[in-house]
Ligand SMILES: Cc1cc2nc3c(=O)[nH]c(=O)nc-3n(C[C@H](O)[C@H](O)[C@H](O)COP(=O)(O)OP(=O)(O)OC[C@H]3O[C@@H](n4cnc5c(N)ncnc54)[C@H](O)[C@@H]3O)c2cc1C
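This document opens with one chain alone, in structure tokens, the form predicted on its own.
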């Protein structure tokens, strides 16, 4: 099919984060004249890039400048302040556009199974999700920091890059955070204590943790922090990534000052068990993942969970509710003319570059479906 025969479908993309913006860019390259509109419930675009990336990771934040060109040069339209499913029905959107792509992501913090108080009830006071914290730090318009206080001692559950981000931001000087445009209410919540002790607890052994060794080495730049770890070196199996992770932890601990006034303690191989505290969390109990070491009990002023994200139970655009006989998630198709991309398609895994690759795959599937359909009709 030559360029003059290429159809120019009307396209609506719901969600203006990385997955949505990348999808718009790929579709624009194929269809230069197609009407493409990005909808978002917020009045500003870029989702995860704007509100989910640590503010001191300026290189990642800079991706937004690439997306600016979509609206300034590539004639992609942004319509903010419109929540699909509430302000505008999905059926209505599908009636107005030939293609609808859902790129709404997964933003709700995943809860920890079994992480309850001694009476079996979920304890919420003093327990905060990493998404909640990161959105607050980035000035999300829906943030609520009024009752969010980290305190002097906090426990971070999780051993991935998000957990490391939280450690770094909690120990970064308030003046530096101000220079990064972190809102004053977020700075006050993080530093009202200020934080003096952080315990980072994960289920996996150090060599199997999810963090990037470069992120661990970055922590070594923080002043006046003593790092400790209960990681146990195991015989190498030739896995370079595992070796690098263990080496990064060992180096961080060995090079930190013993006499520092602040401490970060890494605990590996511990599974969350019970929260204790009456009005708010006062301590956390973990059990040994391997069943050999008994319990780990940590007194704390707060708990921050960094264990991933999930759908909101009452979300009006639940993927599962939209699946049907025509659904093929391998190529992002939910129904004829309806697609999903990014975390909504494959779950809350993968970085922004992974979302770019995902968007390219789904965009190619859309292009193939539209042009194959046109070719069939033409015959």
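Positions refer to the first chain, counted from 1. Worth saying up front: this structure is predicted, and the values here are computed from it rather than measured.
Separately, the form predicted together with this ligand exists; it is not shown, and the next lines address it.
The candidate stretches are 319-327, 24-32, 347-355, 332-340, and the one lying within 4.5 Å of this ligand in the predicted bound form by heavy atoms is 347-355. For the residues 273, 192, 74, 83, the 4.5 Å heavy atom test against this ligand in the predicted bound form is passed only by 83. Between the options 105, 126, 160, 269, the residue in contact with this ligand in the predicted bound form by a heavy atom within 4.5 angstroms is 105.
Remark: residue 53 counts among the residues lining this ligand in the predicted bound form, judged by a heavy atom distance of 4.5 Å or less. Proximity of residue 309 to this ligand in the predicted bound form falls within the 4.5 Å heavy atom cutoff. Using a 4.5 Å cutoff between non-hydrogen atoms, residue 37 does not count as a contact of this ligand in the predicted bound form. Using a 4.5 angstroms threshold between heavy atoms, residue 359 stays clear of this ligand in the predicted bound form. Candidate site formed by 172, 226 and 300: none of these residues places a non-hydrogen atom within 4.5 angstroms of this ligand in the predicted bound form. Within 4.5 angstroms of this ligand in the predicted bound form, the stretch 8-33 places a non-hydrogen atom from each of 14, 15, 16, 17, 18, 19, 20, taken in sequence order.
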